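The chain below stands alone and is given as structure tokens, in the form predicted alone.
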Amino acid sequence: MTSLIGSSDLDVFPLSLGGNVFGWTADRDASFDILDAYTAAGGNFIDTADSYSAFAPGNHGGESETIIGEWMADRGVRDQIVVATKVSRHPDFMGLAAANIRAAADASLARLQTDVIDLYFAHFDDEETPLEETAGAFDELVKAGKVRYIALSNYSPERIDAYFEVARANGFALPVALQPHYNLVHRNDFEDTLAPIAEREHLGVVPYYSLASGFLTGKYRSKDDIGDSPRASGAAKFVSTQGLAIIDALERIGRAHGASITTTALAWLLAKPTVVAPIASASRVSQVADLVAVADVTLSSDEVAELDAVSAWNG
């Protein structure tokens, strides 16, 4: 089971492996093992960013790309992998000025040990740089053969519309994908304003925080379960009456498919129009199986409707 990303010819597995943990909560050896397990299950779509993991003590950024590049070179699998990376947040390459995009792309290519980035995201909008300059720089990378396709992440609906307008007016490469924050406990931002744009512009949607910082794995059923893991605090805010009702529904529906809560939460995302592959990461090999299992789980329309109803937010 694979799908094309938007209007591109990038044919990807329905679960994108998040590289944010590589060089952070997964060291090089653990990362190699996770990548091996993912690809052994048929996975071929890896998501990273040049800034991963500058947020971790002792890191500067680029650690994730470096590990992925070393793994692809060691395993000889570059041609089998669709690599997505991002620009605008590396400490040395902040923002989306043209010169910055060019330099950041070259640095990413070197770390990834490749001559082309399959999918290059503007990680966060840079409203101080004219869109004409940003879109033109991305277009130059495509024309130079350094980037196959471009994409947007963390842009407002208005700025996405403006990007397309500028790109069309100048004949620049159009984005083919959108990476929004979207999951069962964070729906409205995407569904109300971004989903219509994705449908109109034929954008492949690759949601991040697909599992709500781990809450949608069912691991956190009470405040006592939060502990002190690096990501647990992000899940704590969802431990509520409605949050737990969502987990109960996922568990019940998953049982009918022989699927875990994790897999079922990802399957709900895949059932949504324009969603091509949710992004989820694993810090341990044992977590990979529940992620890749989504390729074999298709929820019925009634099951999707039940999850829609229990997760509806009317606040």
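Residues carry their position along the shown sequence, with the first being 1. For clarity, every value in this text was computed on a predicted model and none was experimentally measured.
The same protein also has a form predicted together with a small molecule, omitted here; what follows describes it.
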Is there a heavy atom of I247 no more than 4.5 Å from a heavy atom of the small molecule in the model of the complex? no
How about N59 - does it come within 4.5 Å of the small molecule in the model of the complex, if we only consider non-hydrogen atoms? no
Although the small molecule is absent from this view, report whether H186 comes within 4.5 Å of it in the model of the complex, heavy atoms only. no
Exercise: Q287 in contact with the small molecule in the model of the complex, heavy atom 4.5 Å: yes
Given that the partner is absent here, state which listed stretch (166-174, 150-158, 191-199, 96-104) has heavy atoms within 4.5 Å of the small molecule in the model of the complex. 150-158
